[in-house]
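Take a look at this single chain in structure tokens; it is the form predicted alone.
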Amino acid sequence: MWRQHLYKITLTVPLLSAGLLLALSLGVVKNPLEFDWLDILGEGVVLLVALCWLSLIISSRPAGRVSEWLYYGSLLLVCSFFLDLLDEFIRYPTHIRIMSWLESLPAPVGMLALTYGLVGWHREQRIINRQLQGRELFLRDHRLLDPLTQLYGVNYLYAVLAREMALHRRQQQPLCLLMLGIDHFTAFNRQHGTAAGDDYLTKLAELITSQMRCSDVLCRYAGDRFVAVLANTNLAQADIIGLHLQQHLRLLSAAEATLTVTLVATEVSQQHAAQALQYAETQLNAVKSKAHAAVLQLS
């Protein structure tokens, strides 16, 4: 997961180094006899905890808007606590206030940003929890779950899609499918091994799940394909959901370099679930073929 945050990691060290250089250029190092070791211990532990928060975010969160708020909020706290710790070692002239401002201002801004990110994280978790509860309430047969991604499998997809199509015909509510396919996934497995492929599938499933609405049902349709059933959603709304998801998928694909994901939204107007899925798959293959032809023309 940390590979998605490489640019953030490269930002942290130069930022703290710049703070240290600025402090040394404006102040003078105190005599060791002046050090207050109790204050140093307390402020050092606070800084260490903030750095642990930063590490946990980088190691456990996929790239995205919520992760950005969490990371930059924690980074501002780290900067504030770092400068606060430097005060124990460096004395500044009384007429220079810039270090006091730099020490004080980032902390409240960082707390606000971190709180906003935690609210977003809470919302994501509520969506995931609802989907987990829905699995338990709708069907308790574990054979309907994909063992790798823990998403619904193809049998569950057919059952849910048939149910939603029946509601669609009775109540005249719009119904759409969002199908995603991983490009050149077989070649990726041959080059990097199935373990790397399984790891990518797991991360991809987690990312898609975190961006879906609580009413959406996400399933693993095939080895390299996923389908989301979007109830009470018209094609224009499904396209917007697809564009939003595509932005997050680019961040995930950037970490793997050789993998990209193609997705297509289709409106369900067929009589049977198999027909609707076949149509969505045909549209996905057409988009992939068009993209492949465009690449060949450029080369």
Partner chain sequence: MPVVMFGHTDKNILLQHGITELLQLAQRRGGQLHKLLSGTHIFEPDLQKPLSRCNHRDWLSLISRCQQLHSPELPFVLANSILNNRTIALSQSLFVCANLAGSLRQLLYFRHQLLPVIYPIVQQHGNTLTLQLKPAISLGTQQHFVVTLAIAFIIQLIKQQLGTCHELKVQLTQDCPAFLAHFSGHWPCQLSFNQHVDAIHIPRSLWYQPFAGRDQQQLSQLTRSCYQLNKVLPNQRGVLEVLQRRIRRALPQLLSLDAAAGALGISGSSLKRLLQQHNTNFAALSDTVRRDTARLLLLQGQLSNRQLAIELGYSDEHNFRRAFKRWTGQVPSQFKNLPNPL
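Rigid core here is just the name for the largest C-alpha set that superposes within 1.5 Å across the two forms. Numbering follows the first chain given and starts at 1. Model, not experiment: these values are computed from the prediction.
What comes next is about the form predicted in complex with the partner chain, which does not appear here.
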Just to be sure I understand the contacts: of Leu118, Ala222, Leu102, Leu167, which is the one whose heavy atoms reach within 4.5 angstroms of the partner chain in the predicted complex?
Ala222
The partner chain: the contacting residue among Gln125, Ser215, Gln173, Gln191 in the predicted complex [heavy atom, 4.5 Å]:
Gln191
TL;DR on 93 to 101, 182 to 190, 203 to 211, 70 to 78: the one with heavy atoms within 4.5 Å of the partner chain in the predicted complex is 182 to 190
Should Tyr158 be counted as a contact of the partner chain in the predicted complex, where contact means heavy atoms within 4.5 Å?
yes
Counting only non-hydrogen atoms and a 4.5 angstroms cut-off, does Asp198 reach the partner chain in the predicted complex?
yes
Answer yes if any heavy atom of Asp87 is within 4.5 Å of a heavy atom of the partner chain in the predicted complex; otherwise answer no.
no
I'd like to know whether Val109 contacts the partner chain in the predicted complex, with contact meaning heavy atoms within 4.5 angstroms.
no
Counting only heavy atoms and a 4.5 Å cut-off, does the partner chain in the predicted complex sit next to every one of Val45, Ala50 and Leu54?
no
May I ask you to list the residues of 144 to 164 that have any heavy atom within 4.5 angstroms of the partner chain in the predicted complex, in sequence order?
Leu145, Asp146, Pro147, Leu148, Val154, Asn155, Tyr158
Aligned on the rigid core, do the two forms place the Cα of Ser59 2 Å or more apart, comparing between the shown form and the other one?
yes
